[in-house]
Ligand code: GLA
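Just the one chain here, the form predicted alone, laid out as structure tokens.
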Amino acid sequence: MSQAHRAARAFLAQYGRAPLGVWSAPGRVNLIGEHTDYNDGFVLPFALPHRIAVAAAPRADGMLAVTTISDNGRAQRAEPVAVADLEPGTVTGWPAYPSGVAWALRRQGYDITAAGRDIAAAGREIAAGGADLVIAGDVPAGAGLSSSHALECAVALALLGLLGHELDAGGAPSRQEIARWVQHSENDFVGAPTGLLDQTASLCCTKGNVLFLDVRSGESEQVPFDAAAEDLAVLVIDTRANHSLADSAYGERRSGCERAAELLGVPALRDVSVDDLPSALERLPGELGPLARHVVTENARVLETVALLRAGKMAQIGPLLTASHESLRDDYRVSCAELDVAVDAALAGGALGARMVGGGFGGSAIALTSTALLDDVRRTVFAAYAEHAFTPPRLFVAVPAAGAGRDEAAEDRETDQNEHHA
């Protein structure tokens, strides 16, 4: 059963009616380009098949009611909140993520409590004065695979859909605009200083491609990425070491990059070239030099990776992935023991390259390996974790999936069920 079906079924069970619609958004893997997004740099993510789905319907009292459905089907309900009263600090914990999206959309003029706004629901007209949301998903939380952004993007599409603004329809906000609003909600409502990578990946990635994104300009390119056709696989290693991007270490690195750019007299570290790096490092204090070195070299690695993929040389990107991890470990200092063991073990098992993904301090790593050696890499990683007495990791092969959108199939199924019961 898809996550959209799970969300729609749970909504029907909880409210006794079908949702107006179901919208979903995927988690993501960043092939390469870590901590470059908030430095106006380059990133190269792809969407995962794992998704967060939101079944939604309007309500008439101006309240936002959110329920999440666990893997075992148990419902966890947040206390309903008045959308008009939402301000940073008014909601904490996991409900802050959907509440922050409603707050950010309202600031952009998309207000689900707007008086007199009518929308069609089950053949009748009702006032849009709030929303009921039921959420189901299978993006692993705390795994560095962007579960929170998948949730926020799906909620954004659901709330916009309740107002009649369907994604990619005439007059609707663009995917890039929605990504920035979601970033605004996480930065200013939730309090996590994230960049723009994850939201854009969840909304803009397409099946079978990696998304080459210039964060500064917003220009993007869908680069074909069919690892299986090259007898390769991208193995995701969820270390089970949970992380939190709201931790001070992430914010310290972001502010350190901003300070380095200021001292160098450039808008962002993206404006420092590899050739200019030695002289730039001489002008920076010791604690900022490694941060700048990572960002500058990571941007160069993204560009080189894209060039190799365009040339059909996917197997040759492995050393770039490993170099990215070494830079994140040694210069940016955002790795941890579980990530390092995962990367080292994957390489020892025959992987062509491996690196941590996400913000760091835990989460997941990826390994590019030949399909012939995939089982060897798996066994080596599990053995290394057992040797270190770590919690066994979760491993799966990732392929580029579709980005966020409305799930018509789930709605058709629920409509059929309602007609049958009638």
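The first residue of the shown sequence is 1; numbering continues from there. Just so you know, these numbers come straight off a predicted model, no measurement behind them.
The next section is about a form of this same protein that is not shown, the form predicted together with ligand GLA.
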4.5 Å heavy atom contact, H149 and ligand GLA in the model of the complex: yes
In the model of the complex, Y385 touching ligand GLA (heavy atom, 4.5 Å): no
Ligand GLA contact in the model of the complex: M314, any heavy atom under 4.5 Å: no
Proximity of L197 to ligand GLA in the model of the complex, heavy atoms at 4.5 Å: yes
Candidate stretches 391-399, 371-379, 34-42, 59-67 - the one whose heavy atoms come within 4.5 Å of ligand GLA in the model of the complex: 34-42
Contact assignment for ligand GLA in the model of the complex, among Y250, Y110, W103, Y97, heavy atom within 4.5 Å: Y250
Within 4.5 Å of ligand GLA in the model of the complex: residues from 355-377 (heavy atom criterion): G358, G359
